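Just one chain is shown here, as structure tokens, and it is the form predicted on its own.
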Amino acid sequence: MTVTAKQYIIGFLGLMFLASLVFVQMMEVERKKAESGKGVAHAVIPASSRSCVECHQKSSPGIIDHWQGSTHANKGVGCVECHKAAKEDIDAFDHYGSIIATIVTPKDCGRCHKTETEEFLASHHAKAGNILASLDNFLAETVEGSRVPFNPHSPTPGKEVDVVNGMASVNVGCRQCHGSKIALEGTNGSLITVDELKPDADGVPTNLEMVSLVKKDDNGRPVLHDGSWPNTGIGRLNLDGSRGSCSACHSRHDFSPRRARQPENCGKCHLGPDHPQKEIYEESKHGVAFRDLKEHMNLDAKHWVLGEDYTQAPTCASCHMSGHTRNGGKVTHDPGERLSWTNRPPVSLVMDTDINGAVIKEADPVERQKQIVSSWQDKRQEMKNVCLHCHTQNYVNAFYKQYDDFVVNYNEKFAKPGVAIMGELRKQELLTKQDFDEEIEWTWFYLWHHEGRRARHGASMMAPDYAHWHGMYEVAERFYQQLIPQAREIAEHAGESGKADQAQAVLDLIDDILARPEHEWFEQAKKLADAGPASVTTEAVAATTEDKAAPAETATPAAGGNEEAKSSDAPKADAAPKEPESEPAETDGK
């Protein structure tokens, strides 16, 4: 072979190699475009779903377009694979030769995603439907609307309205985040839920009498009640006995990981006056960094491991769910695994949990220890392992010291006294049994459910304005200027009405609380005000309280491990009856 021939061969092979590199790069660019939703991924249409795709491409092309860009489509997982049902399933029907169900539940997703489903079902997210028995739900169903339909009282121009659906607020609001019981219409006018169907472990209904009452449309499809569907509430109570909705976070049909990793995805539910995590995140340095560096976050990575695929900023998923280099890249679908406090109830509790994942409220240390399966210290270390990707150990420990001190201050100065005062008013029967029919009940609800949560969550996510001005400032104002005066007024009126003993019990409790060093400034200022305007000056108040004030704590434990909060984390048990807790979706701080 001549030298020229060898040169041609080498040149040809070089060109082929260059072309292959260009081709591989083009394929990688297209893959990334597809994963980010900017291009169309290669779809493998299984034979079982080919007719579905062809039909829905014409009738509802958006569904097919989303599916074609999904990992499911790329791996040959089609419509029937997710929607298939057995004939005995309560929501099953024959759809052009395939037995399918409209509602895809975690039980269905668990056929392929077993670990993720088990983690989710153990989480507080899956229990979000418990709001059905809470004060929040009473507000939506009764205070904002009516649990029974009512007369419109006057015509609505251009709209025939014969009856008002008083459940409209809860259907559109609470249930769309928290979830509710999915209901089928009965031929006798009843609603048929999981309670009536009594499904077995496989999700098959065992109450055949109820099955026979399910109303069907002209195509044989079970009729879902429009008050319960559509519904992607994360704690949805499904007809097959499962809880939750995977599409609450993973949008149906495309199930985009990129979208689930972004804070806006969580903001559908975690925002607003009582749990403004989205707004708090946006104020924090974490949120600022994310907005600035979003294009460098590698959000379309296959595994998206903190410390490998990105380090620019954390999102909600980074801290609460996603994998990182310190845990081998393991993702969790239980966002409570890294939370050391729950800031949901009136009084924050440390997150010692039992075998069922419930927060332990036992006060006795020995009995408490017997119940603990996962301690708050373990959970905190899980979160610290995330923080340490960007912060030093001293920085992380110091943050948690500040956070713990903040929560304990809220608990001890305002929350526990508030619980005690409301409990004593109820114990002495100075409040009616009906919630929210008296001003002080609204005052207390605002204090812990709105302002108190905002403060605690602001501290947990490093948002100073929410911790202070939107938080503790408003907590203090509500406590001193509304809760205390209203409680005293109720007691005084009770005394005038012949309930002297009951009134005195409440007034004595208030006096005992306000005699504590942390509240003494308020009582002294009140005494000076009663003495006359000339006495009320900042200097006078300071002089009156200077000698009596408790010395400030100046000793700071050495940084290291979880030692910073051992003496102050565990809330003390109150003797007074506990205020009923609301049951919203996961809103815990770190």
Partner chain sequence: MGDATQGSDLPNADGETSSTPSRRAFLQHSSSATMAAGLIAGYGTLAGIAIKFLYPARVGQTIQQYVCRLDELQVGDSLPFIMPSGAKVVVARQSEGDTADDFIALSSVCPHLGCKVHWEAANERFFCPCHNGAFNAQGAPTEGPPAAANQYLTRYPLAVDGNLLMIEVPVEGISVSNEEASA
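Residue numbers count along the first chain shown, from 1. Owing to the predicted nature of the structure, the values given are computational and were not obtained by experimental measurement.
Although not depicted, the form predicted in complex with the partner chain is the subject of the following passage.
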| Taking the shortest heavy atom distance, is residue 77 within 4.5 Å of the partner chain in the model of the complex? | yes
| query | Is residue 81 a contact residue for the partner chain in the model of the complex, using a 4.5 Å heavy atom cut-off? | reply | yes
| Exercise: residue 47 in contact with the partner chain in the model of the complex, heavy atom 4.5 Å | yes
| Using heavy atoms and a 4.5 Å limit, would one call residue 339 a contact residue for the partner chain in the model of the complex? | no
| message | Can you tell me which of 433-441, 108-116, 358-366, 169-177 lies within 4.5 Å of the partner chain in the model of the complex, counting heavy atoms only? | response | 108-116
| query | Are there residues in 2-16 with a heavy atom within 4.5 Å of the partner chain in the model of the complex, and which are they, in order? | reply | 2, 3, 4, 7, 8, 10, 11, 14, 15
